[in-house]
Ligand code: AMP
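What follows is a single chain, given as structure tokens, in the form predicted on its own.
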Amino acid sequence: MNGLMMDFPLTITSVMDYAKKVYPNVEIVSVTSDNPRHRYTYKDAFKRVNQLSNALAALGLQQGDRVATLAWNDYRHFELYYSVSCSGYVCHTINPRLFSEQIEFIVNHAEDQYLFTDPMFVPVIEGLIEKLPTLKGVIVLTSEEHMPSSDKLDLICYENFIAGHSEEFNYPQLEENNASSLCYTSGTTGNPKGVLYSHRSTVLHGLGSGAPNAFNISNREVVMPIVPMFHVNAWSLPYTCALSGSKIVFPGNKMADGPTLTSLINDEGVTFSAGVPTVWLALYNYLKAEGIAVPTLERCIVGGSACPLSLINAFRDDLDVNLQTAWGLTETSPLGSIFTLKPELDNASEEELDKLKVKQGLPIFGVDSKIVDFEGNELPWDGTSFGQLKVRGPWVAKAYYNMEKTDAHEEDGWFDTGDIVTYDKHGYMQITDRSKDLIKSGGEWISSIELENLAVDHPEIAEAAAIGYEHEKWGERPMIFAVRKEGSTVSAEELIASYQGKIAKWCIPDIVEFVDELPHTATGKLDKKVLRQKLSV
């Protein structure tokens, strides 16, 4: 027997319709290249979305065509999120930090028809345009008076592009499993891979990530997404905020600028934000150096890489801000787990809480998780058993766009994340490593992430990366590449000595090499592939 409920499709169009009907007067504030503080409402935004949809329709695009963006976080990019997907096209967000060869690959692999770009990225497209045969036009996200010039491109001004079009648009009746957006992985192990989201997966992820035991976003929040809109749909915040009726504050290309972020937080009353650890470290250092408080800011989500306990406690003690760790992947839309404290742990000691806070948190509903050993046997959640993390759920990718099946997608419907993790008896996950980054020494596994966290806990170390080097006796031994803080003279011997008593002796790194900076991927993660290549030279 089936239930007698309406078969109503979960589409991004329904999110837009809800927001403009229930929260028309909620603000969206942006920093853009042509306006230091643009301000309008959801009602204003969706009128312009309709104008954009009419303009896109006039181009003759067909359902499923890919429309690309190369842009920062602002209101025009927000308009593209909704217009492209709700019109039946696929919004393909491109990371401008990628190498030009990677951008060329993904534009051609996606067969993008049109590209919307911020003015500052026009030179990137100029250098690639002859290698992008599917691209029919480039629209610059600015006003007429701020349009860049180009000898190689016939550029179209965004404001002129939508001007004169009707503020009404009759959106197509889409199926909830129609493709809505496309995001490529950063390609650290080969060419980038495309993750093709559906309307259904996007809406469900927006609902799931906004829930109380996740981001906990309500209509009383003022949300500043520092995580880029070109990176996994800004962790779904442009959708979650619309679903929740939250005010949005977009920092544009000022996502690493302490004065701008501080001004936005204090002027606009930001209560919630999300970004990678380097963003929060830079903001903390700026606030401390200037002696500025951020009294409205309550919570920040930190993801993308491990967050040092020292930074979490500094935000709590000095800023009265709760820094919450989270985990996810492009393939999980991205949220898979987040740190929230269970009531059963309310009386835990400070030492116990410190151990919990650096973990990646509890799985959220919608992401079923398990860990298996290297023979595929499922392991218990006991805090000591570690294995490969596999996930499945309604917002987890079942395949990559336009690719043959990969080993990551199992026949039984599970996705191999590539992370090596443990779950404790309370259900908290801790990533011990990426499967490709584990160090095997004398038959025993060593976590590179644990070594990195301990290095960064040293007061004179800014950043560290641990890799294994070939060893005649032990197979591999760990070594550290470290960046000293400004003015530091800490020696390799002193850093190695700081590990004593914190981990098993056989896990302590043998070698420390100090460097001026560490290589990172386009999404800000440590690029250990480059470090390994350095060793092999």
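Quick note: we count residues from 1 along the sequence shown, nothing fancier. What you are looking at is a predicted structure, and each value in this text was computed from that prediction instead of being measured.
Keep in mind the form predicted in complex with the named molecule is missing from the figure; the text below concerns it.
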Quick one: find which of 325-333, 364-372, 380-388, 161-169 has residues within 4.5 Å of the named molecule in the model of the complex by heavy atom distance.
325-333
Quick one: of R392, R97, R434, K288, which gets a non-hydrogen atom within 4.5 angstroms of the named molecule in the model of the complex?
R434
Answer with one of E463, E176, E221, D419: the residue that has a non-hydrogen atom within 4.5 Å of the named molecule in the model of the complex.
D419
Evaluate H231 for contact with the named molecule in the model of the complex, applying a 4.5 angstroms cut-off between non-hydrogen atoms, and reply yes or no.
yes
Would T523 sit within 4.5 Å of the named molecule in the model of the complex, counting heavy atoms only?
yes
Is A306 close to the named molecule in the model of the complex, meaning a heavy atom pair under 4.5 Å apart or at it?
yes
Can you tell me whether Q360 touches the named molecule? I mean in the model of the complex, with a 4.5 angstroms heavy atom cut-off.
yes
